[in-house]
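First comes one chain, alone, set out as structure tokens in the form predicted alone.
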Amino acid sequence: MPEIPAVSRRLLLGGALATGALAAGVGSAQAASVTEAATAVDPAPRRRPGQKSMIDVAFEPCRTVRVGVIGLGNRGHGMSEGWSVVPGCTVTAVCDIRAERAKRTADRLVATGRPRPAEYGGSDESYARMLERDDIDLVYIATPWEFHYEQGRAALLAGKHVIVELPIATGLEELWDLVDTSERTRRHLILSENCSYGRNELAMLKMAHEGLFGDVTNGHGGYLHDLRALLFSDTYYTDAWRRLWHTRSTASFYAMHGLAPVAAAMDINRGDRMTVLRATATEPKGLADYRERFVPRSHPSWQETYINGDLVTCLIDTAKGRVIRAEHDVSSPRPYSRINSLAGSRGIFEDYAGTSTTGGRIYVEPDHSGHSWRDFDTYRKEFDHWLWKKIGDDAANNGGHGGMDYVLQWRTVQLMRAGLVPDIDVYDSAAWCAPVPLSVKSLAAGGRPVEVPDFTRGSWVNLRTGLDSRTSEMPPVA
């Protein structure tokens, strides 16, 4: 028998919230007082006749998940092999504007004993030809950010489910259109947020939902990663696409890796929602300084002017009065961190700060006193998510980023094969990516608060399962 966890404190205390009483009363009144002075964003577009929510809509069960991959650079190439090793999954087609990359990935899959996928490439329309195939159930998109919206939307319209690397889109209108297109086509679009499946992140979520932190009041997450050498590499980011974003806008481009786990632990879109965002940015010093010291004057980057702040910070209020701090910095010398911190009335967890083998530190009452941090090790063992208990060894052997890539891929395939509701839906995906355009709006207004759209159109008040899923099985492979 699969393990059935005890009913969590979150569900026991969810009655009033699930009815909408708290969220529609005190919560929304509090949010309204905060947002009165906020810069308004465009209202939610009306649903078209026949258009319905995708909340709690299950995948149609399928015996084998057939994946088509668009974008075969460093990420797409590696993840293609990852999809191919998940039980009941096969890569049927691969696509890149550079045809030689499609061949490279196909050759690699054959070399590892997998069937050779169909190859598409040679033009910027090659992906559209691949989407015409009837042997693709799931499209995985790992192209540069500027193509995610167009390609994700096209995949939905082609009748495929879609999983898109961060972000799914960079504009509010694009985010709304992906929500609406998902609802009209009845196909899921999912942010490929591997960090939401990180071992510590899932343990933190479980601890929050079991009440270990008391009433959660605030969280802190982000993406702090010294990418300077890679940003100036002539081979890592094709055509320097990621560096060029720093010449286009001042924005929090990529904080989702830290924001998403905190939002999940706070039940964003599942009983709470983000209401207001305000952004700050430091001066853009890091990339220009690195170029001055390490990049030859003949390099094309010397024709560029960097305008994105080194550290962009978003403070986000929620309807229940919580605060999330989300940060983005890829231009400064520093150790890697996604921050991953959650705090409440009875304790706090901080990742990337401890000396324990699990990397985190914790302080919770009544277990701890004396104002001294404790190692996270024993708590992670106690609150380890069932996915890591079940496939942690396989993840360590097959997945990048400490195994979280494989957990994401395994879980996605399992959900599709078993006909279950996705852990992450299009509403989560849109909300987690909204700080990209919202930070632009706030910074352009001198850091004034801006309203965060409700992509669920009011359904956020209902408590429901997400990444805090119960144990379930991967259907046997025939």
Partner chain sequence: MRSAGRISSLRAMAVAAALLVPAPAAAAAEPEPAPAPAATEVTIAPVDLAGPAISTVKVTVKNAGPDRMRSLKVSFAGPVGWAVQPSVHSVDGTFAAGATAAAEFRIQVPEPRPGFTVRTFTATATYKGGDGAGTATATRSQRSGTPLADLADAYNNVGVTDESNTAPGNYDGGGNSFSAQKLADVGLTPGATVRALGAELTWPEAAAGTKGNVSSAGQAVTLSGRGSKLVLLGSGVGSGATGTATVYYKDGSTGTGSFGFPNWSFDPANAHGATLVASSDGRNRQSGYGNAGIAYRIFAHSIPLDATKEVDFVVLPGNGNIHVFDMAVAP
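Residue numbers count along the first chain shown, from 1. Everything numeric in this text was worked out from a predicted model, so none of it was measured.
Although it is not shown, the form predicted together with its partner chain is what the next lines describe.
- Its partner chain is not shown here, and in the model of the complex it never comes within 4.5 Å of any heavy atom of H188.
- The shortest heavy atom separation between D468 and its partner chain in the model of the complex is within 4.5 Å.
- Put simply, R346 is close to its partner chain in the model of the complex: some heavy atom of it is within 4.5 Å.
- In the model of the complex, its partner chain sits beyond 4.5 Å of every heavy atom of H225.
- Only one of 75-83, 211-219, 228-236, 335-343 places residue heavy atoms within 4.5 angstroms of its partner chain in the model of the complex, namely 211-219.
- Here is the short version: of Q303, S372, T112, T357, the single residue with a heavy atom within 4.5 Å of its partner chain in the model of the complex is S372.
- Interface residue among H161, H257, K320, H148 relative to its partner chain in the model of the complex, by the heavy atom within 4.5 Å criterion: K320.
- Interface residues of 84-108, taken as those with a heavy atom within 4.5 Å of its partner chain in the model of the complex (partner not displayed), are absent.
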